[in-house]
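Given next, in structure tokens, is a single chain: the form predicted alone.
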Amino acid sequence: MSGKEGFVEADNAEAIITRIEHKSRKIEALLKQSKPVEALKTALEGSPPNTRDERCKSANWIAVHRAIMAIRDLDGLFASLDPEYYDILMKYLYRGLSTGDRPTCDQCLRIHERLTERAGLGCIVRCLADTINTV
């Protein structure tokens, strides 16, 4: 088995980017309505994109990053975020930390701390061990 099964390659990347752009518009609308938790949920839905195309991953990261940076109420976030999103959120937090951008890193560390308290160390291990579903 090749490990690439189920992934969409570059020839269909434009369709994925179109879906991500639609999702980004929805996220922006939610942020304008002061609904950052809903925006983050929307950003995490369908993530990571089912492709290895870096353009798609970057476009999706931009949408997720926008939502992550808008979160202020961490209690509200974890009160309404379904546990099914914990592992994927952790992946995006590590992507944010890898940017080296101070505001992004500060926000990602704040959320990381609370996410680890909520989801446990297994969330970190699963995130780091999953080399197939990369963000």
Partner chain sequence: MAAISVHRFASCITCHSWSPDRSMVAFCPNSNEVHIYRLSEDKWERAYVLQKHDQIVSGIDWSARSNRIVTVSHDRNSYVWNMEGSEWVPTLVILRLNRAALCVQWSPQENKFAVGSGAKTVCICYYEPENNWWVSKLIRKRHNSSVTSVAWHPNNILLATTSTDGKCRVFSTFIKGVDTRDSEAGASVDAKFGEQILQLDLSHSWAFGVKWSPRGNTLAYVGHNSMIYFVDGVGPSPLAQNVLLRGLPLRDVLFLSERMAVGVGFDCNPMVFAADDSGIWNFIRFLGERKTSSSSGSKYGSQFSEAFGKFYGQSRQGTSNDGGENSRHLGSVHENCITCIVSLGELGSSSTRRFSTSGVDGNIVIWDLENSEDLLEFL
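Residue numbers count along the first chain shown, from 1. Just so you know, these numbers come straight off a predicted model, no measurement behind them.
There is another form of the same protein, the form predicted together with its partner chain; it is not shown, and what comes next is about it.
Considering its partner chain in the model of the complex, the lone stretch of 23-31, 104-112, 54-62, 36-44 in range is 104-112 [heavy atom distance within 4.5 Å].
In the model of the complex, at least one heavy atom of residue 116 sits within 4.5 Å of its partner chain.
Using a 4.5 angstroms limit between non-hydrogen atoms, residue 126 touches its partner chain in the model of the complex. Residue 87 is the sole member of 73-89 found to place a heavy atom within 4.5 Å of its partner chain in the model of the complex. If you compare C-alpha positions, residue 127 and residue 49 are 3 angstroms or more closer together in the model of the complex than in the form on display. Note: the CA-CA distance for residue 49 and residue 126 contracts in the model of the complex relative to this form, by 3 angstroms or more.
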